[in-house]
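This document opens with one chain alone, in C-alpha coordinates, the form predicted alone.
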(Lines give C-alpha, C1' and ligand atoms only; values in the text may rest on other atoms or scores of the structure.)
Protein backbone atom coordinates (compact mmCIF):
# COMPACT_ATOMS: atom_id res chain seq x y z
CA UNK A 1 0.00 0.00 0.00
CA UNK A 2 1.09 3.59 -0.73
CA UNK A 3 -0.07 6.24 1.75
CA UNK A 4 0.12 10.05 1.81
CA UNK A 5 0.15 11.31 5.39
CA UNK A 6 1.04 14.12 7.79
CA UNK A 7 -0.41 16.98 5.75
CA UNK A 8 0.29 20.63 6.54
CA UNK A 9 -2.73 22.67 7.74
CA UNK A 10 -2.23 25.06 4.80
CA UNK A 11 -1.07 23.84 1.40
CA UNK A 12 2.20 25.35 0.23
CA UNK A 13 3.99 25.39 -3.10
CA UNK A 14 4.63 21.91 -4.46
CA UNK A 15 8.25 22.92 -4.92
CA UNK A 16 8.72 22.75 -1.15
CA UNK A 17 7.70 19.05 -1.21
CA UNK A 18 6.55 19.14 2.40
CA UNK A 19 2.75 19.29 2.14
CA UNK A 20 2.70 15.61 3.02
CA UNK A 21 4.94 12.58 2.86
CA UNK A 22 4.33 9.49 0.71
CA UNK A 23 5.39 6.07 1.96
CA UNK A 24 5.37 3.36 -0.67
CA UNK A 25 4.72 -0.34 -0.32
CA UNK A 26 3.94 -0.32 3.38
CA UNK A 27 2.18 -3.29 4.93
CA UNK A 28 -0.16 -2.00 7.65
CA UNK A 29 -0.81 -4.89 10.04
CA UNK A 30 -4.28 -5.92 11.19
CA UNK A 31 -5.92 -8.66 13.27
CA UNK A 32 -3.21 -8.30 15.87
CA UNK A 33 -2.58 -10.28 19.01
CA UNK A 34 -2.47 -8.30 22.24
CA UNK A 35 0.77 -6.36 22.76
CA UNK A 36 2.00 -7.78 26.06
CA UNK A 37 5.28 -5.99 26.76
CA UNK A 38 3.92 -2.92 28.55
CA UNK A 39 5.32 -1.66 31.83
CA UNK A 40 3.25 0.84 33.83
CA UNK A 41 4.81 2.57 36.82
CA UNK A 42 2.57 5.07 38.59
CA UNK A 43 0.72 6.06 41.73
CA UNK A 44 -2.43 8.11 42.26
CA UNK A 45 -4.02 7.11 38.97
CA UNK A 46 -6.88 4.99 37.69
CA UNK A 47 -6.34 2.91 34.54
CA UNK A 48 -8.89 1.47 32.18
CA UNK A 49 -9.19 0.35 28.58
CA UNK A 50 -10.17 3.25 26.34
CA UNK A 51 -13.29 1.80 24.75
CA UNK A 52 -14.16 4.84 22.66
CA UNK A 53 -12.59 5.81 19.36
CA UNK A 54 -10.45 8.95 19.38
CA UNK A 55 -11.15 11.46 16.64
CA UNK A 56 -8.28 13.82 15.84
CA UNK A 57 -8.26 17.35 14.43
CA UNK A 58 -5.17 16.58 12.33
CA UNK A 59 -3.26 13.34 13.00
CA UNK A 60 -1.53 11.22 10.41
CA UNK A 61 -4.46 10.72 8.07
CA UNK A 62 -7.60 8.60 7.73
CA UNK A 63 -5.84 5.33 6.87
CA UNK A 64 -3.70 5.28 10.01
CA UNK A 65 -6.50 6.64 12.23
CA UNK A 66 -8.83 3.90 10.99
CA UNK A 67 -6.10 1.34 11.67
CA UNK A 68 -5.96 2.48 15.31
CA UNK A 69 -9.70 2.66 15.91
CA UNK A 70 -10.38 -0.73 14.29
CA UNK A 71 -7.27 -2.79 14.98
CA UNK A 72 -5.62 -1.46 18.16
CA UNK A 73 -3.98 -4.14 20.27
CA UNK A 74 -3.30 -1.89 23.26
CA UNK A 75 -5.47 0.82 24.78
CA UNK A 76 -5.10 2.82 27.98
CA UNK A 77 -7.16 5.50 29.69
CA UNK A 78 -5.35 7.09 32.63
CA UNK A 79 -6.90 9.58 35.05
CA UNK A 80 -4.98 11.13 37.92
CA UNK A 81 -6.42 11.00 41.44
CA UNK A 82 -3.66 13.04 43.11
CA UNK A 83 -0.36 14.76 42.39
CA UNK A 84 2.00 12.30 40.76
CA UNK A 85 5.80 12.47 40.71
CA UNK A 86 5.93 9.95 37.88
CA UNK A 87 3.70 8.16 35.39
CA UNK A 88 5.89 5.91 33.26
CA UNK A 89 4.80 3.75 30.31
CA UNK A 90 7.35 1.57 28.53
CA UNK A 91 6.45 -0.35 25.35
CA UNK A 92 9.16 -2.94 24.58
CA UNK A 93 9.20 -4.61 21.15
CA UNK A 94 10.69 -8.09 20.82
CA UNK A 95 10.44 -11.09 18.46
CA UNK A 96 6.98 -11.95 19.84
CA UNK A 97 5.71 -8.37 20.03
CA UNK A 98 6.59 -6.71 16.72
CA UNK A 99 3.41 -4.72 16.05
CA UNK A 100 1.85 -2.10 18.30
CA UNK A 101 -1.29 -0.20 17.32
CA UNK A 102 -2.37 1.76 20.35
CA UNK A 103 -3.99 4.76 21.95
CA UNK A 104 -3.26 6.42 25.27
CA UNK A 105 -5.84 8.82 26.72
CA UNK A 106 -4.52 10.95 29.59
CA UNK A 107 -6.92 13.02 31.71
CA UNK A 108 -4.56 14.96 33.97
CA UNK A 109 -6.28 16.73 36.85
CA UNK A 110 -3.22 17.08 39.09
CA UNK A 111 0.40 18.15 38.64
CA UNK A 112 2.22 15.24 36.99
CA UNK A 113 5.42 14.04 35.31
CA UNK A 114 4.80 11.56 32.47
CA UNK A 115 7.26 9.51 30.41
CA UNK A 116 6.30 7.26 27.47
CA UNK A 117 9.07 5.19 25.87
CA UNK A 118 9.12 2.93 22.79
CA UNK A 119 12.16 0.65 22.51
CA UNK A 120 13.28 -2.40 20.50
CA UNK A 121 14.81 -5.56 21.92
CA UNK A 122 14.93 -7.07 18.45
CA UNK A 123 16.54 -6.34 15.10
CA UNK A 124 13.41 -7.37 13.19
CA UNK A 125 11.11 -4.82 11.56
CA UNK A 126 8.71 -3.30 14.07
CA UNK A 127 5.52 -1.33 13.42
CA UNK A 128 4.09 1.31 15.73
CA UNK A 129 1.02 3.41 14.99
CA UNK A 130 -0.25 5.30 18.02
CA UNK A 131 -2.23 8.17 19.49
CA UNK A 132 -1.45 10.07 22.68
CA UNK A 133 -4.42 12.26 23.64
CA UNK A 134 -3.83 14.57 26.61
CA UNK A 135 -6.22 16.84 28.51
CA UNK A 136 -4.55 19.26 30.96
CA UNK A 137 -7.14 20.58 33.38
CA UNK A 138 -7.41 24.11 34.79
CA UNK A 139 -4.34 25.33 36.75
CA UNK A 140 -2.51 21.99 36.32
CA UNK A 141 1.19 21.65 35.45
CA UNK A 142 2.31 18.70 33.33
CA UNK A 143 5.76 17.63 32.17
CA UNK A 144 5.51 14.86 29.56
CA UNK A 145 8.21 13.17 27.47
CA UNK A 146 7.86 10.76 24.54
CA UNK A 147 11.02 8.86 23.64
CA UNK A 148 11.31 6.88 20.39
CA UNK A 149 14.25 4.47 20.42
CA UNK A 150 12.96 1.81 18.03
CA UNK A 151 15.46 0.04 15.79
CA UNK A 152 16.24 1.44 12.34
CA UNK A 153 14.20 -1.24 10.53
CA UNK A 154 10.95 0.02 12.01
CA UNK A 155 7.97 2.21 11.12
CA UNK A 156 6.91 4.73 13.75
CA UNK A 157 3.76 6.86 13.43
CA UNK A 158 2.89 9.20 16.31
CA UNK A 159 -0.29 11.28 16.50
CA UNK A 160 -0.28 13.60 19.51
CA UNK A 161 -3.13 15.89 20.52
CA UNK A 162 -3.51 18.18 23.54
CA UNK A 163 -6.33 20.25 25.03
CA UNK A 164 -5.16 22.93 27.47
CA UNK A 165 -7.64 24.46 29.89
CA UNK A 166 -7.38 27.83 31.67
CA UNK A 167 -3.98 28.65 33.23
CA UNK A 168 -2.66 25.15 32.55
CA UNK A 169 1.05 24.70 31.87
CA UNK A 170 2.27 21.91 29.59
CA UNK A 171 5.94 21.11 28.99
CA UNK A 172 6.29 18.55 26.20
CA UNK A 173 9.60 16.88 25.29
CA UNK A 174 10.01 14.59 22.27
CA UNK A 175 13.12 12.51 21.54
CA UNK A 176 12.96 11.00 18.04
CA UNK A 177 15.90 8.71 17.25
CA UNK A 178 14.43 5.42 15.99
CA UNK A 179 12.64 4.12 12.92
CA UNK A 180 13.35 3.68 9.25
CA UNK A 181 10.43 6.07 8.86
CA UNK A 182 9.41 8.15 11.89
CA UNK A 183 6.38 10.38 11.29
CA UNK A 184 5.19 12.74 14.03
CA UNK A 185 2.03 14.86 14.05
CA UNK A 186 1.61 17.12 17.09
CA UNK A 187 -1.44 19.34 17.61
CA UNK A 188 -2.03 21.56 20.63
CA UNK A 189 -5.42 23.19 21.21
CA UNK A 190 -4.51 26.03 23.59
CA UNK A 191 -8.00 27.16 24.39
CA UNK A 192 -7.97 28.25 28.04
CA UNK A 193 -7.03 31.82 28.93
CA UNK A 194 -3.45 32.00 30.21
CA UNK A 195 -2.60 28.44 29.10
CA UNK A 196 1.02 27.77 28.11
CA UNK A 197 2.63 25.04 26.03
CA UNK A 198 6.41 24.66 25.86
CA UNK A 199 7.34 22.05 23.22
CA UNK A 200 10.97 21.03 22.80
CA UNK A 201 12.23 18.13 20.71
CA UNK A 202 15.42 16.54 19.40
CA UNK A 203 15.87 14.23 16.42
CA UNK A 204 18.89 12.28 15.17
CA UNK A 205 18.88 10.66 11.73
CA UNK A 206 21.50 8.23 10.41
CA UNK A 207 21.83 5.83 7.45
CA UNK A 208 18.68 6.26 5.31
CA UNK A 209 16.30 7.26 8.08
CA UNK A 210 13.42 9.60 7.23
CA UNK A 211 11.96 12.00 9.79
CA UNK A 212 8.75 13.90 9.00
CA UNK A 213 7.82 16.31 11.79
CA UNK A 214 4.58 18.31 11.76
CA UNK A 215 3.92 20.54 14.80
CA UNK A 216 0.71 22.60 14.92
CA UNK A 217 -0.59 24.92 17.63
CA UNK A 218 -3.89 26.82 17.75
CA UNK A 219 -3.84 29.76 20.16
CA UNK A 220 -7.44 30.54 21.13
CA UNK A 221 -7.50 31.94 24.67
CA UNK A 222 -6.28 35.35 25.79
CA UNK A 223 -2.62 35.55 26.91
CA UNK A 224 -1.91 32.04 25.72
CA UNK A 225 1.62 31.00 24.80
CA UNK A 226 3.37 28.41 22.61
CA UNK A 227 7.14 27.97 22.40
CA UNK A 228 8.47 25.38 19.92
CA UNK A 229 12.19 24.59 19.88
CA UNK A 230 13.52 21.75 17.71
CA UNK A 231 17.17 20.67 17.58
CA UNK A 232 18.41 17.94 15.25
CA UNK A 233 21.34 16.31 13.50
CA UNK A 234 21.49 14.27 10.29
CA UNK A 235 24.22 11.87 9.26
CA UNK A 236 24.83 9.70 6.16
CA UNK A 237 21.82 9.89 3.77
CA UNK A 238 19.22 10.70 6.40
CA UNK A 239 16.41 13.10 5.54
CA UNK A 240 14.19 15.35 7.64
CA UNK A 241 11.13 17.49 6.92
CA UNK A 242 10.09 19.95 9.61
CA UNK A 243 6.72 21.72 9.40
CA UNK A 244 5.78 24.11 12.19
CA UNK A 245 2.50 26.05 12.22
CA UNK A 246 1.40 28.56 14.85
CA UNK A 247 -2.16 29.77 14.25
CA UNK A 248 -3.43 32.80 16.17
CA UNK A 249 -7.19 32.34 16.26
CA UNK A 250 -9.75 35.09 16.85
CA UNK A 251 -10.06 35.78 20.58
CA UNK A 252 -6.42 35.14 21.53
CA UNK A 253 -5.47 38.75 22.30
CA UNK A 254 -2.00 39.23 23.82
CA UNK A 255 -1.05 35.67 22.83
CA UNK A 256 2.55 34.85 21.97
CA UNK A 257 4.05 32.20 19.72
CA UNK A 258 7.68 31.34 18.97
CA UNK A 259 9.15 28.54 16.88
CA UNK A 260 12.77 27.72 16.16
CA UNK A 261 14.37 24.76 14.37
CA UNK A 262 18.06 24.07 13.85
CA UNK A 263 19.67 21.09 12.09
CA UNK A 264 23.34 20.06 12.10
CA UNK A 265 24.28 18.41 8.80
CA UNK A 266 26.99 15.80 9.43
CA UNK A 267 27.14 14.57 5.84
CA UNK A 268 26.92 16.17 2.38
CA UNK A 269 24.25 13.58 1.50
CA UNK A 270 21.94 14.46 4.40
CA UNK A 271 18.87 16.53 3.47
CA UNK A 272 17.01 18.98 5.66
CA UNK A 273 13.82 20.83 4.67
CA UNK A 274 12.03 23.21 7.03
CA UNK A 275 8.79 25.16 6.68
CA UNK A 276 7.82 27.41 9.63
CA UNK A 277 4.44 29.14 9.26
CA UNK A 278 2.58 31.83 11.19
CA UNK A 279 -1.17 32.27 10.60
CA UNK A 280 -3.22 35.03 12.21
CA UNK A 281 -6.82 36.27 12.43
CA UNK A 282 -6.40 38.36 15.62
CA UNK A 283 -4.81 41.70 16.55
CA UNK A 284 -2.42 42.41 19.41
CA UNK A 285 -0.44 39.15 19.23
CA UNK A 286 3.26 38.38 18.87
CA UNK A 287 4.68 35.69 16.59
CA UNK A 288 8.27 34.79 15.72
CA UNK A 289 9.84 31.98 13.73
CA UNK A 290 13.29 30.95 12.57
CA UNK A 291 14.93 27.95 10.98
CA UNK A 292 18.50 27.15 9.98
CA UNK A 293 20.78 24.29 9.06
CA UNK A 294 24.52 24.03 8.66
CA UNK A 295 27.65 22.00 9.13
CA UNK A 296 29.51 21.60 12.42
CA UNK A 297 31.18 24.89 13.38
CA UNK A 298 34.82 24.45 12.41
CA UNK A 299 36.13 26.75 15.14
CA UNK A 300 34.34 24.72 17.82
CA UNK A 301 35.57 21.49 16.23
CA UNK A 302 39.18 22.71 16.13
CA UNK A 303 39.01 23.95 19.73
CA UNK A 304 37.74 20.62 21.09
CA UNK A 305 40.19 18.56 19.01
CA UNK A 306 43.07 20.74 20.27
CA UNK A 307 42.17 19.42 23.75
CA UNK A 308 43.02 15.87 22.69
CA UNK A 309 39.69 14.60 21.33
CA UNK A 310 39.35 12.85 17.99
CA UNK A 311 37.13 14.41 15.32
CA UNK A 312 34.42 11.82 15.95
CA UNK A 313 34.50 12.42 19.70
CA UNK A 314 34.42 16.19 19.15
CA UNK A 315 31.33 15.91 16.93
CA UNK A 316 29.59 13.83 19.61
CA UNK A 317 30.30 16.53 22.18
CA UNK A 318 28.95 19.26 19.90
CA UNK A 319 25.74 17.32 19.20
CA UNK A 320 25.32 16.49 22.89
CA UNK A 321 25.74 20.17 23.79
CA UNK A 322 22.96 21.07 21.34
CA UNK A 323 20.65 18.37 22.69
CA UNK A 324 21.49 18.43 26.38
CA UNK A 325 19.16 21.18 27.62
CA UNK A 326 16.22 19.40 26.02
CA UNK A 327 17.20 15.91 27.19
CA UNK A 328 17.57 17.21 30.76
CA UNK A 329 13.82 17.90 30.78
CA UNK A 330 13.08 14.14 30.85
CA UNK A 331 12.02 13.25 34.39
CA UNK A 332 13.65 9.82 34.39
CA UNK A 333 17.38 9.38 34.97
CA UNK A 334 17.52 5.87 33.48
CA UNK A 335 15.96 6.97 30.19
CA UNK A 336 18.18 10.07 30.06
CA UNK A 337 21.24 7.80 30.26
CA UNK A 338 19.83 5.60 27.49
CA UNK A 339 19.25 8.63 25.25
CA UNK A 340 22.82 9.90 25.76
CA UNK A 341 24.17 6.40 25.10
CA UNK A 342 22.16 6.25 21.86
CA UNK A 343 23.72 9.52 20.69
CA UNK A 344 27.21 8.08 21.15
CA UNK A 345 26.27 4.78 19.48
CA UNK A 346 24.57 6.36 16.47
CA UNK A 347 27.39 8.83 15.83
CA UNK A 348 30.16 6.20 15.84
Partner chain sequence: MASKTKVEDINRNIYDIKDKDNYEFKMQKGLNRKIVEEISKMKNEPEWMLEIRLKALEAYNKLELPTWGPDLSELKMDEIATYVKPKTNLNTSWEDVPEDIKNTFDRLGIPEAEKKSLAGVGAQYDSEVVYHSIKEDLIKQGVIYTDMETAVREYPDIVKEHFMKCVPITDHKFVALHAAVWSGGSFVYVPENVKLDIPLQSYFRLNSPESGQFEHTLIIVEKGASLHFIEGCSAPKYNKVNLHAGCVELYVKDDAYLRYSTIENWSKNMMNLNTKKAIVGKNAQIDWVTGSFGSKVSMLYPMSILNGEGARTEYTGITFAGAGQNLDTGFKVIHNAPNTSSVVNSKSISKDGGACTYRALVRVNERAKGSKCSVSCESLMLDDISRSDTIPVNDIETDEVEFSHEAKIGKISDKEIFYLMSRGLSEEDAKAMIVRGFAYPVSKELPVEYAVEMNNLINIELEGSIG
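Numbering follows the first chain given and starts at 1. Computed from a prediction, not measured in an experiment: that's the story for all the values here.
The protein also exists as the form predicted in complex with the partner chain; that form is not presented, and the subsequent description refers to it.
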| property | result |
| --- | --- |
| The single option of 34, 283, 39, 297 touching the partner chain in the model of the complex, heavy atom within 4.5 Å | 283 |
| In the model of the complex, the one of 69, 288, 43, 47 near the partner chain [non-hydrogen atom within 4.5 angstroms] | 288 |
| Listed range touching the partner chain, judged in the model of the complex by heavy atoms within 4.5 Å, from 163-171, 270-278, 118-126, 97-105 | 270-278 |
| Contact test in the model of the complex: residue 265 vs the partner chain, heavy atoms, 4.5 Å | yes |
| Proximity of residue 327 to the partner chain in the model of the complex, heavy atoms at 4.5 Å | no |
| Residue 215 within 4.5 Å of the partner chain in the model of the complex, heavy atoms | no |
| Proximity of residue 10 to the partner chain in the model of the complex, heavy atoms at 4.5 Å | yes |
